[in-house]
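The chain below stands alone, shown as C-alpha cells; this is the form predicted alone.
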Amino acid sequence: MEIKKVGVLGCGLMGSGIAQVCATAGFDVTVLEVEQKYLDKGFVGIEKSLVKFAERGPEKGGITPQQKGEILARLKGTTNKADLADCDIVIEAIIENVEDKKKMYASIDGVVKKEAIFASNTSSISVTELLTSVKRPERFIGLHFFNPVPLMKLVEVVKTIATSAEAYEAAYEFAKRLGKVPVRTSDKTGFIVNRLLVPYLLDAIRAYEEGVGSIEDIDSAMKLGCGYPMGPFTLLDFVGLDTTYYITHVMYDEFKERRFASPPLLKRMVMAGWYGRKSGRGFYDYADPAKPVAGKF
C-alpha cells in the first residue's frame, strides 16, 4: 500500500515532532488533539523548530524559507476525529498510559478507513495489548521515534505476532521516506533501545547509591571512557526521571528481574517532583540551565 496522508494523535513534544518530520518529508498531516489550546502550543513549537532549520540553510542540512512555508501548509490541526477518516497511517503519541491509548484507538477505529495502518509511538507498553482495542490487529504496529524527533535518526519498527507482513513492510518503508533509519524489532518490552539502555541507567544510579563515584565523576567516566555523548545522569535528566520510573514498572512487571527494578533514590526523586530538566531539578540543579550543578544525595 502507498502512504500519502498521515494522522498524528497528540501534539505534545513527541506528537508535534512526528508531525513536523512527516510534513517535511512531503506528507499531508492531520494532528488530532482534545483541545485547541494544545494544538496551538504544539504548532508554535513546530514553527520555532522550522525557523531554526531555515536559519541553518540547506547547505548545512536545513531548509529554505520557502520550504518552511510549504511544510507548514501541509500541517492541519483538528479536534474532530472525523478529519482522520482518509489517513493512510495514524501514529499515536499521547500520554504513556495503556487505558488512555486503548480508548483513543477504539474511538477512531470505526472512523479511519479500514485499510489504514495504526501505529503507536510507545516506548515501553506492549503493542499487542494496545491492538486488542481495535478490529484491525493485522494492521497495527509500533513506530518508536526518539526525542527530539526532528534530529534523532532512529525509529524502532515493532512487529507483533498479529501484524501482517504487508503492513510491517509499509511501515518500514514509510520510516525510510521520513529520512529516518528504521530498525526491525519484535514486541518484547523495551524493544531494542530501552531493553539495553534502562538497565545501564539504573545501574548508574545504584553505583552512585553504593558510593562508587560522584554524579559528575560517573558522567565524565562514561563520556570519556566509553565515548558516550552524555553521561547517564545527564541523560536521565534529559529523558525525565518520571518517564524512566514509569518504564521501570512496565519492564519489571514483564521480566521480574532486579536489573529492571527502580532503585530507591529514583523513586524518592520522582515522589519529590524532581523530574530532571523539565522540572528544573533532577540529578542536576538547572537554576542556571547553562551551568547545571550536580546534586548530592
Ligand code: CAA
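Residue positions are given as counts along the sequence shown, with the first one as 1. If you're wondering where the values come from, they're calculated on a predicted model, not measured in any experiment.
As for the form predicted together with ligand CAA, it is not shown, yet the points below apply to it.
- In the predicted bound form, ligand CAA lies farther than 4.5 Å from every heavy atom of F255.
- Though the partner is left out of this view, S49 does reach within 4.5 Å of ligand CAA in the predicted bound form, counting heavy atoms only.
- L197 belongs to the set of residues with a heavy atom inside 4.5 Å of ligand CAA in the predicted bound form.
- Interface residue remark: F146 is counted as part of the site for ligand CAA in the predicted bound form, having a heavy atom within 4.5 Å.
- Proximity to ligand CAA in the predicted bound form, defined as a heavy atom within 4.5 Å, holds among F53, F43, Y246, F260 only for F53.
- Between the options V250, V239, L39, I63, the residue in contact with ligand CAA in the predicted bound form by a heavy atom within 4.5 angstroms is V239.
- With ligand CAA omitted here, the record of contacts in the predicted bound form names 223-231 of 74-82, 223-231, 203-211, 176-184, defined by a heavy atom within 4.5 Å.
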